[in-house]
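Take a look at this single chain, the form predicted alone, given in structure tokens.
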Amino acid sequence: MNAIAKAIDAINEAFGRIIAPLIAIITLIVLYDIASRFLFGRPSDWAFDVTKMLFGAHFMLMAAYGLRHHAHVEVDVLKRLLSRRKQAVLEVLGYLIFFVPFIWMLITLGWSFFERAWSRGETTYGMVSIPVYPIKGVIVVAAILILLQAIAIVLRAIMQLREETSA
């Protein structure tokens, strides 16, 4: 189980380290749009849509990396008062009760959104019609990465429970 958890961690670590620096590209596009507004008196036709889509994709794809590094919102105030065994039980139950339905919904609805956008050739509005299906596909990819990281967390909690039981 530990090998599986470490492999999942490695996948999300590598993916996060590849995706994280891409915020610089988004920043450059925003700067271009600001300069275009300032220098030419009008924004570019494509920059706002592109930055909105890229930032959404960046945020979603970094979610699993954030979960891996415990950079997510959690009720630590109460959890820290519990023993490690109770924390592990709470993690397993929390992921089974709350996370599984949410991630199931995210994957199934995300796939439906992607499929519909792909089949209809959905694009953004305006002069520059940017395809929407890649961003909707990112929903599914991000959900799978988050699911994998959750599996690693639950596996670690189960290993903790086994250690406490055998000790």
Partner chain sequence: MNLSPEMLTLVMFGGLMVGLFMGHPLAFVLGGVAVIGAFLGLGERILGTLINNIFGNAMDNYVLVAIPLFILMARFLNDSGVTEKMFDAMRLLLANLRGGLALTVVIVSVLLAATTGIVGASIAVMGMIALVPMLKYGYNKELSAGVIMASGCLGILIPPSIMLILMASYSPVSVGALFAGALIPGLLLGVMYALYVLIICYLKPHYGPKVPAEERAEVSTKQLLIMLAKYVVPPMSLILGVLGALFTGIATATEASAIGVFIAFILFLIFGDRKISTCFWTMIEAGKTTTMVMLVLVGATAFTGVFSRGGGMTVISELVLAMPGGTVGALILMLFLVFVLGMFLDWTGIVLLSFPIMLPIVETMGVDMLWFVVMVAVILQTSFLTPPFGYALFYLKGVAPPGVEIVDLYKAVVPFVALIVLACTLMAFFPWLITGLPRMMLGGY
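In this text the structure is predicted, and so the values were computed from the model without any measurement. Positions refer to the first chain, counted from 1. Rigid core: the largest C-alpha set superposing within 1.5 Å between the two forms.
Keep in mind that the form predicted in complex with its partner chain is not shown, yet the notes after this line are about it.
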Q.
Under a 4.5 Å heavy atom criterion, is A157 part of the interface with its partner chain in the predicted complex?
A. no
(Q) With a cut-off of 4.5 Å between heavy atoms, is R84 one of the residues that contacts its partner chain in the predicted complex? (A) no
Q: Indicate whether A20 is a 4.5 Å heavy atom neighbour of its partner chain in the predicted complex.
A: yes
Q: Report whether the minimum heavy atom distance between A24 and its partner chain in the predicted complex is within 4.5 Å.
A: yes
**Q.** Members of 94-129 lying within 4.5 angstroms of its partner chain, judged by heavy atom, in the predicted complex
**A.** G94, Y95, I97, F98, F99, P101, F102, W104, M105, L106, L109, G110, F113
Q: Please say whether, between the shown form and the other one, the C-alpha of L28 moves by 2 Å or more once the core is aligned.
A: no
